[in-house]
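Encoded as structure tokens, the following chain is the form predicted alone, with no partner shown.
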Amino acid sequence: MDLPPPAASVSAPLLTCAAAGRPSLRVAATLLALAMLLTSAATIADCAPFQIDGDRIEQPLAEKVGEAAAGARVAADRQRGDCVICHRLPLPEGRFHGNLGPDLQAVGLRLSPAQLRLRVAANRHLNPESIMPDYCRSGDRHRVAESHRGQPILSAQEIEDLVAWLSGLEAVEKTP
């Protein structure tokens, strides 16, 4: 494979194999890896910076404290969270709750807000094979409308609202 000569602005001795006058394989591999890293970084955007600590994200993603009522709206909204497509939740407006994911009716008894935050923001960190999307990340999404490409599914505030609502679910309620 013939590689193009190094750019004039780059030091030729650093990039070239002395015998052939072409880029060395190590430099070519490094440049390819750097290009792949930059490409993948450009396609994965987070709704907010976060630090994963084991099975949780301790720090809130947004400055404003989450509001449980707003979180319930996000969970039920078919254009935003759409949690009922996979989970059973105490939402009377969602008649047909899914059963692909775990029942979340009393999830506040099982998981802390920090654990819930990771499961909503970046669930695939815990289970790379999960069908649940990473709501705070934009990468690895398929069949996304052009207007939504490169954007996370939920904002940092929407995730905090959802976490506030989910963490308050401490009793199993009857749903239709």
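Each residue number is its position in the shown sequence, starting from 1. The shown structure was predicted, so the numbers you read here are calculated from the model rather than taken from an experiment.
The form predicted together with heme C is left out here; the points below concern that form.
K.L.:
Does at least one non-hydrogen atom of residue 61 fall within 4.5 angstroms of heme C in the predicted bound form?
P.N.:
Contact with heme C, no.
K.L.:
Heavy atoms within 4.5 Å of heme C in the predicted bound form: does residue 133 have any?
P.N.:
Within the cut-off, so yes.
K.L.:
Could you confirm whether residue 151 comes within 4.5 Å of heme C in the predicted bound form, counting heavy atoms only?
P.N.:
Answer no; every heavy atom of residue 151 is more than 4.5 Å from heme C in the predicted bound form.
K.L.:
Just to confirm, residue 116 within 4.5 Å of heme C in the predicted bound form by heavy atoms?
P.N.:
Residue 116: yes, in contact with heme C in the predicted bound form.
K.L.:
Honest question, do 52, 57 and 66 all end up within 4.5 Å of heme C in the predicted bound form by heavy atom distance?
P.N.:
Zero of three within 4.5 Å in the predicted bound form.
K.L.:
Can you name the residues of 52-75 that have a heavy atom within 4.5 Å of heme C in the predicted bound form?
P.N.:
Sequence-ordered list is empty.
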